[in-house]
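One chain comes next, on its own, written as structure tokens: the form predicted alone.
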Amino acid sequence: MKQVTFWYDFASTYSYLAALRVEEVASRHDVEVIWQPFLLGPIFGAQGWTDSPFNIYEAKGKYMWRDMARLAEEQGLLFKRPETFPQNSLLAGRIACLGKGEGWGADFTRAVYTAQFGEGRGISAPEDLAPLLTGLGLDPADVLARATSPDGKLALRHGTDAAIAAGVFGAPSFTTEDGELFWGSDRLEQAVAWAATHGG
């Protein structure tokens, strides 16, 4: 089966839109989705940014929030702006990396995005994420301990290094088996269609 890699950071607003529909789009083309968390911070830092560009550029941020509301309505998704943006996505990213290897990463990712941008809830602290893990039938204490172990921390670091190596500079991004890079939720269909017909 052909594959497309979905690169995302939980701090990314538009990744919410992609995460909630990537599996459905991919299934229509018989393409498998590889869910790959990473951190935007090191990538932005290399460009001299210490904050989200949506905060740095006020007009861009104002547009993004309105655009998100329109697009969420179009997709039939809940949307509520969280009080803090961007939220610290480190812990959620580490947990998602663990889940990727155990088969529940996609469900956890969708739950985190829905909590954050669908309901406006926090996602940075263990107490924010524990109920989401419980909802997936997982033991929060066990998952949190393993996700914050040295190996758990290293997995997200490796994901970020891999994103940089793949040329990823923003989220969501998609890469195909022949090395093509597509950036933005609005490139999801194009990326999946390319994955279905090229390489692999």
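We number the residues from 1 along the sequence you see. Owing to the predicted nature of the structure, the values given are computational and were not obtained by experimental measurement.
Here the subject shifts to the form predicted together with a further copy of the same chain, a form of this protein not shown in this document.
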Next item on the list: Have a look at L90, A111, L71, A130 for me and say which one sits with a heavy atom within 4.5 Å of a further copy of the same chain in the predicted complex.
Entry: L71
Notebook entry, point to check: Looking at the partner-bound form in the predicted complex, is D67 within 4.5 Å of a further copy of the same chain by any heavy atom?
Noted result: yes
Next item on the list: Verify the contact flag for K153: yes if a non-hydrogen atom of it lies within 4.5 Å of a non-hydrogen atom of a further copy of the same chain in the predicted complex, no if not.
Entry: no
Notebook entry, point to check: Is D186 a contact residue for a further copy of the same chain in the predicted complex, using a 4.5 Å heavy atom cut-off?
Noted result: yes
Check: Is there a non-hydrogen atom of L181 within 4.5 angstroms of a non-hydrogen atom of a further copy of the same chain in the predicted complex?
Finding: yes
Notebook entry, point to check: Looking at 51 to 59, 34 to 42, 140 to 148, 154 to 162, which one sits within 4.5 Å of a further copy of the same chain in the predicted complex if you count heavy atoms only?
Noted result: 51 to 59
Check: Within 161 to 178, which residues have a heavy atom closer than or equal to 4.5 Å from a further copy of the same chain in the predicted complex?
Finding: F169
